[in-house]
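Given next, in structure tokens, is a single chain: the form predicted alone.
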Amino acid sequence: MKAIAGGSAAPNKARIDIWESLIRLVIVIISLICLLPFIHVVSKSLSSDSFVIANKVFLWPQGFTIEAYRKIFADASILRSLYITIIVTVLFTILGMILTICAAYPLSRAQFKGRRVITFIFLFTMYFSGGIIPDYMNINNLGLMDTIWSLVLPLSFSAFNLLIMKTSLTSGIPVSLEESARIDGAGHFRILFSIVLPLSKPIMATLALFYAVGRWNAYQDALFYIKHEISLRPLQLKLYYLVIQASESFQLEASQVQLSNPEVLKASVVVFATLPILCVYPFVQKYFVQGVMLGAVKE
């Protein structure tokens, strides 16, 4: 009997090992699919024009040079656009988190009357919106055209992030903890700042990352709202114009960046725009993982 039991356990262990190896292989393949294109772009940005034109650059730079980055940093308008993007991203993230927290906390409290109706109204906006033209007319009528607030205010609140925050507060903050605070005489503001927010750091870091990355990568709203104030153009819009300028062979705006091969410019500006986010992400990664997994396990 022991021999039979030992013989049946061995094939089961072998099957588990095979499945684990297969899962690891799939994860490695997916990771390479995400990583190799970025490595290819970095290699092109560090290669000389002749090798890029001849399509000889794959995963390693050929004719190593940083001339593309020198020309980018030599353009003062790009550095100014980087500064504008940082300011807009910080303001956008702070305002977005304040609005999300102020809306999610009351909607997560069971004693708040009408919270289901208000939540449905927020949810409705995720599926139906006015569209680009009404948004443009609204910004124009409010006098926000060619101002930094046209990049901060319109999208600073996300109904999707609100629902995530509300669900996190509902499932992650015990009702008994709030009741004990109320017995001690704490009001809503004291409960929010002393109990709810300290216990919600993971989800707050996650949503802050969502807001920051979304604002950093956006350029369409700046394309519509920033027409005459060139000094207010964010980095993504500036790089968009530079790529179009290099690709179409006509001058969209004054710039000191002149490269013989547009592909080198495209690769270098993509890396230039991506590096700041890559530098910030490791510091919030642990909170990001905790925030995504929050509420996944029910006890």
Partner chain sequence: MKAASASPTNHSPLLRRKQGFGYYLQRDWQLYLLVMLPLAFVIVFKYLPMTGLVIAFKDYKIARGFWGSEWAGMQVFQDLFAKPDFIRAVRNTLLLNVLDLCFSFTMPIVLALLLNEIKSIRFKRINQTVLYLPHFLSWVIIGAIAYQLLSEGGGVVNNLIELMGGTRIPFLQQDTNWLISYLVIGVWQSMGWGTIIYLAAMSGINPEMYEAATVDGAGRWRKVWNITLPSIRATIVTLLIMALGKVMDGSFERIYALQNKATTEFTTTIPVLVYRWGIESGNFSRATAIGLFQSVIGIILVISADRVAKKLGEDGIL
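Residue numbers count along the first chain shown, from 1. The term rigid core refers to the maximal set of C-alpha atoms that superpose within 1.5 Å between the two forms. The structure displayed is predicted, hence computed values, not measured ones.
Not pictured, yet referred to below: the form predicted in complex with its partner chain.
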{"item": "Site check I86, L91 and L177: each within 4.5 Å of its partner chain in the predicted bound form by heavy atom", "value": "no"}
{"item": "Segment assignment from 75-83, 182-190, 195-203, 165-173: heavy atom within 4.5 Å of its partner chain in the predicted bound form", "value": "182-190"}
{"item": "Contact test in the predicted bound form: E263 vs its partner chain, heavy atoms, 4.5 Å", "value": "yes"}
{"item": "Exercise: R70 in contact with its partner chain in the predicted bound form, heavy atom 4.5 Å", "value": "no"}
{"item": "4.5 Å heavy atom contact, L46 to its partner chain in the predicted bound form", "value": "no"}
{"item": "Its partner chain contact at G143 in the predicted bound form, heavy atom, 4.5 Å", "value": "no"}
{"item": "Members of 148-163 lying within 4.5 angstroms of its partner chain, judged by heavy atom, in the predicted bound form", "value": "L153, P154, S156, F157"}
{"item": "Residue shift check between the shown form and the other one, rigid core fit, S43 Cα at least 2 Å", "value": "yes"}
{"item": "C-alpha of S31 off by 2 Å or more between the shown form and the other one on rigid core", "value": "yes"}
{"item": "Rigid core superposition, I230 Cα moves 2 angstroms or more between the shown form and the other one", "value": "no"}
